[in-house]
Structure formats: C-alpha cells, structure tokens
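Single chain ahead, written as structure tokens, the form predicted alone.
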C-alpha cells in the first residue's frame, strides 16, 4: 500500500457559537465528527453532501486554515501542527486550494501578473526572470495566452477566471489541490471544459485532488473514489461507480434520486435543517424511511459484505440485510 499523502485520523472540529458573560463558550457546534479517511499521491477523491455537512470545513483543515479540535490531520506523514511550526512555507507550497467563485478570489484591482507574481514571491525564492517564466508556463498549462498577464480579472469570462484561479494554485507546483465547488458557479458547457482540464493536469502533473461538490455527476466524472457526508460524519464511501450503482445508505440514495440530471445541485430546504441536529443515535434517522429501534445507536462505518474495493457504509439497515 502506498503511503497516504493526506490523512484524517478521527478528526473532530467544533465551533463556539455563543459565549457567556465571562467570555467562555456556552454552545459548541460540531461541524466535523470523528472522521477518518485518506488519499494517496496522484489520486482524486470526491466528497459530496448537502450544505452544512462539513465538506468545506475539512478542506480548510487540510490546507491549515483551521486546526482540528481533536484527532490528527497529516500531510506527507507529518501533522498540520508540525508543518505550521517547522515549515509553514513548504506546507503552503505543497497544498493549495481553488474556491467556488473566481471573481471573489481574484483581486479586481490587480493585473493577473501581480496576482500570480505575489504568490511566487510569498512561496518561492525565484528571481524576476524566473517568476515571469513560471507565470507563462502555468498559463500555458491552463490553456491561456501569456497576454493574460497584462489584463484585469473583470476582463475574463467565468471559465477563464477559474482557469486563472487554478493557475495561481498550481504556480508553486503543489502536491495536493483542494477544489471546493470549483465549477458550481459556471454553466454546464464551461464546467465540462474545466473538468477536462483538471483531469488532463492530474495525469500530466501527478497532482492529488480532493474535489468537494454538491454535484454528483461532476464527482462521478472526475473522481474514482468518493466519500458521502451527512451532518459532519461519513455515512458511505468507496469506488464512485460502485457506490452510485449499488448505494447502501438511505441518505446516498436520497442524494442520487434528488439529482435527476447532470449539473443540478442539491440544496437542503430550510425547514429540513433542524433535522441535522444530533438527537442521539444515527443523525439521519429523523429523515430515514427505514429507521427502526437499532437507529438509536450510532452506526459504525463498516465494509459492506460482498463489496469490491472497500465499499463502506455507516448504517444498521443495509449491513444487517447484507449479512
């Protein structure tokens, strides 16, 4: 087995929502709950689930923008705490993130040259001529002309702006790229172009992807393996095609049935969000059509009997049926 590049080991992340008169936390929200997973060098892992399920919080922990409340996040064998203490610059070089809205992540007052050069100045010791060479090289990789450097973000379409965001993330030659809803703000035809570009770059450059999305069709196209999250926990995981065709968790089934056409995203209705609160036992039981007395106990993530390639599910019902 190859050594995992990124590894989450029983990671929990809590946020303090309120404080009492003495400034101490009085109410904590658990955004990520005891998750364990890993991704190997050169692989592409998809993470899907509704808004508020903890996907983006995990991404922020993976790049060091947040630290876990408990458990460990490891990159290349070292914990995030070790990286931030010993070599934060190398961590920033090696792990980069692409956000959902390129227009919001690119400074409108700076030319693309200034945006890319600032990234190189922060993360490398390149001289001026080396920086120019690297900027032109990375623009070629994302299929944009070198003349792009002299223009401003507002002069580009959404797809072109997202290519620039990808170029900025790639400019330090990272080993790991976190992609947080990178195509959801784009129309379907542009989505297809960006996804094809990402797949080509993964094969050419060997970059590892963690791809976060609401859109199951997008994840199925790009990622051989997928995690399904609900209320901060992983409820099902495994090879993407097998999981989608032979899903075992009722929530995964709900996700797939709620997205009948490619490009349609799933959003949780506001009146349903109260059901995300853990009342004890399985977090999905208030919405599950198959809930029974067993669901008062928290189900463990276990391999589905007869599955191929590590298909796991955290549900009492399908595991007992498969037995």
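Predicted model, so just to flag it, every value in this text is computed and none were measured. Residue numbers count along the first chain shown, from 1.
Omitted here: the form predicted together with a small molecule. The next part is about that form.
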Considering non-hydrogen atoms and a 4.5 Å limit, does the small molecule approach residue 69 in the model of the complex? no
Residue 51: heavy atom within 4.5 Å of the small molecule in the model of the complex? yes
4.5 Å heavy atom contact, residue 57 to the small molecule in the model of the complex: yes
I'd like to know whether residue 308 contacts the small molecule in the model of the complex, with contact meaning heavy atoms within 4.5 angstroms. no
Answer key: of 31, 254, 62, 44, within 4.5 Å of the small molecule in the model of the complex (heavy atoms) is 31
One residue of 214, 92, 168, 134 in contact with the small molecule, assessed in the model of the complex (non-hydrogen atom, 4.5 angstroms): 214
